[in-house]
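Okay, so here's just one chain, in structure tokens, the form predicted alone.
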């Protein structure tokens, strides 16, 4: 007992002797961005807002950037690319921010990239779904879909389905014309064909569509084994609601980029699949940084009244973006955009979703997308097996 007591006292003394992180001082480092705080993308963008707020608070507790406090200015782009473009112009020319972070969703990110290129600013972003459109050499994606996600992601999905006893023979592909999910859906058509799955329906709708009844009826009439839904945000929930009204639930269904919390809780969503880079369970949470973020986000999201307080793809991508920017500024000890860009092109950054590199086409690296599934009302990673939640496997209805 004396030995244990002595060890505890010694450890306590050591902790007290360690220097606390110096409080940031001097003029703040201003980081600017927009998010879709209103409009059809707002349900998901609120996740990115909360994540950014948490990251900046914790960053300032650690001493800020370069010993200076960090201020984050976030403006509402209303889910509109033209508004995003105008606001990024304001951030650079009026607000005089030091650094930029990208908005949510591919069209808005492309608008931000255009402004960043005009003013030769680095832009780290988190949800660009069409890598081939990212031509600017000082933009860096924390959305780890690789350069050809329209091929690699559907193949990962079909690999997951192949691990069950109900690999589909027929497929219906229905998709929003929202650029990134449309591209993924077109890619899924080609992958399905190569995997021997017969297409029985391909149907498109305009982004912002409000009437999903005719789409649900067409899917039911086609009677596919598997429905691939190119949906973003609440579009997936709206389609599920329309299916419920006609008493139809697909045998297997996949949603590309859903609003995670609402979809997991939606009637008819049990066993639905989606793409994912992170879910709050081992082995992801074996990373201490990830585990700490999960704890804080769970608490803050519950207080904020978000539909789901768990950390998943959107929150993880957003957090990773901040990690990439912090790593580059810290390593270079600089706010010079060209210096930061040069460092990112030559170095990898460890994030809570995995190690990211930026030396591939359009500065994209590896495809780290996994497949998750709603099981008992919650998302869990099911594929690849090494990233699956403990004791979990792919389930087919």
Partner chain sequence: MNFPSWTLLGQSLLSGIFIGSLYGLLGLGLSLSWGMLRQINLAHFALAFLGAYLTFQLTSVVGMDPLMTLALILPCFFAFGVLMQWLFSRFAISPFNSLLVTFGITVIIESLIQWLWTADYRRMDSVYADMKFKVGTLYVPIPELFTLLIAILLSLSTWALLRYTDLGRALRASAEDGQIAAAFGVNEKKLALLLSGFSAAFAGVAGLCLALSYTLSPSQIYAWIGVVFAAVMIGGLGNPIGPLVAGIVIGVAEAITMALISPAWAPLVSFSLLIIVLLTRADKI
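Residue numbers count along the first chain shown, from 1. Please read all numbers here as calculations on a predicted model, not as lab measurements.
Although it is not shown, the form predicted in complex with its partner chain is what the next lines describe.
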Exercise for the section: Indicate whether its partner chain has at least one heavy atom within 4.5 Å of a heavy atom of residue 210 in the predicted complex. Expected result: yes
Practice task
With heavy atoms only and a cut-off of 4.5 Å, decide whether residue 37 touches its partner chain in the predicted complex.
Solution key: yes
Exercise for the section: Mark residue 304 yes when one of its heavy atoms lies within 4.5 Å of a heavy atom of its partner chain in the predicted complex, and no otherwise. Expected result: yes
Handout entry: its partner chain contact in the predicted complex: residue 215, any heavy atom under 4.5 Å
Key = yes
Exercise for the section: Using heavy atoms only and a 4.5 Å cut-off, determine which of 296, 186, 246, 162 is in contact with its partner chain in the predicted complex. Expected result: 246
Fill in the blank from the handout: With the partner omitted here, the residue among 275, 234, 138, 134 that in the predicted complex has a heavy atom within 4.5 Å of its partner chain is 234
Handout entry: Stretch from 312-320, 141-149, 202-210, 119-127 whose residues place a heavy atom within 4.5 Å of its partner chain in the predicted complex
Key = 202-210
Problem - 177, 221 and 241 each touching its partner chain in the predicted complex (heavy atom, 4.5 Å) - result: yes
